[in-house]
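Shown next as structure tokens: one chain only, the form predicted alone.
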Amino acid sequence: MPVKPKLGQNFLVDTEAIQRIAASIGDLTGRTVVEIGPGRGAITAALAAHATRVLAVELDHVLALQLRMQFPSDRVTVVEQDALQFDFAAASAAAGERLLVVGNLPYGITSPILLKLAASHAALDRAVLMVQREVADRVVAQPGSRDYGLLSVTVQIYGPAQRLFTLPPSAFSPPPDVHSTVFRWRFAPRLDELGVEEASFLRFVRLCFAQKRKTLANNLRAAAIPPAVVAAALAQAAVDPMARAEALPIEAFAALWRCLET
């Protein structure tokens, strides 16, 4: 019996794309993979063919039941849970290794899931994720581009993100109204290298991007940092006082944060 789509689901039906996604995560021999939103199990089957264990995190009760019937429990563990509540650290500890992650992320909660993965970085090795094309554009964007912003910096501070390929709506059933892009994210946090404290630095970056049309200096002053302190930090970090946040590489944000923290 066909499953009626719920929760904004669009199921990937392009067999070539399914194999490309599974191959993009790399060698699965002996590995544990967390799959976010397995749906009808198309990608799950490709992962389970090579991985030691797949943890399929599926919120939809009917789909979770069907997945349990479809796959042997010794290879695929179906976790009926919201991916935002999944404990990656506990799963990593149980597996005795950093996890691989694969997912066709629901459009409505893509950014929260990316932030969840960032917060769980210590438990993760790498991820291959499919998101709306415009979101992927922001994730991989470089300084000075139109798409570079808070999401770009937040993702890239935890490791490099690489665009892999884009799929048309016809690759899904039912077809969405947008194209989808697959990207790979390797978790290699830069916090120590840049000399920043995680929570404080992320708060600082959010302040910098608070109003995109404002200059970086104006955003910082709006956050109640005295103008003289802002001016001195910008000069010490060699940042143009008229620059906007979208022009700064991560290294410049880190330098400015260090100046303001000292």
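A quick note: this is a predicted structure, and the numbers were derived from the prediction, not measured. Position 1 is the first residue in the sequence shown; the rest follow in order.
Separately, the form predicted in complex with ligand SAM exists; it is not shown, and the next lines address it.
Asks: Flag I43 as yes or no: does it have a non-hydrogen atom within 4.5 angstroms of any non-hydrogen atom of ligand SAM in the predicted complex?
Replies: Yes.
Asks: Using a 4.5 Å heavy atom cut-off, state whether T166 contacts ligand SAM in the predicted complex.
Replies: Looking in the predicted complex, residue contacts with ligand SAM do not include T166, since no heavy atom lies within 4.5 Å.
Asks: Taking the shortest heavy atom distance, is S145 within 4.5 Å of ligand SAM in the predicted complex?
Replies: Heavy-atom contact with ligand SAM at 4.5 Å: absent for S145.
Asks: Would Q162 count as a contact of ligand SAM in the predicted complex, using a 4.5 angstroms cut-off between non-hydrogen atoms?
Replies: No, Q162 is distant from the partner.
Asks: Would L114, V131 and V155 all count as contacting ligand SAM in the predicted complex, using a 4.5 Å heavy atom cut-off?
Replies: No, the candidate spot makes no contact with ligand SAM.
Asks: Identify, from the list L12, I25, V239, A254, the residue with a heavy atom within 4.5 Å of ligand SAM in the predicted complex.
Replies: That would be L12.
Asks: Only one of A217, L59, L55, A233 comes within 4.5 Å of ligand SAM in the predicted complex by heavy atoms, so just point that one out.
Replies: Only one listed residue qualifies here, and that residue is L59.
Asks: Would you point out which of 46 to 54, 221 to 229, 30 to 38, 201 to 209 contains residues with a non-hydrogen atom within 4.5 Å of ligand SAM in the predicted complex?
Replies: Among the candidates, contact is made by 30 to 38.
Asks: Within 4.5 Å of ligand SAM in the predicted complex, which residues of 83 to 104 have a heavy atom? Give them in sequence order, or say none.
Replies: Those in contact are A83, N104.
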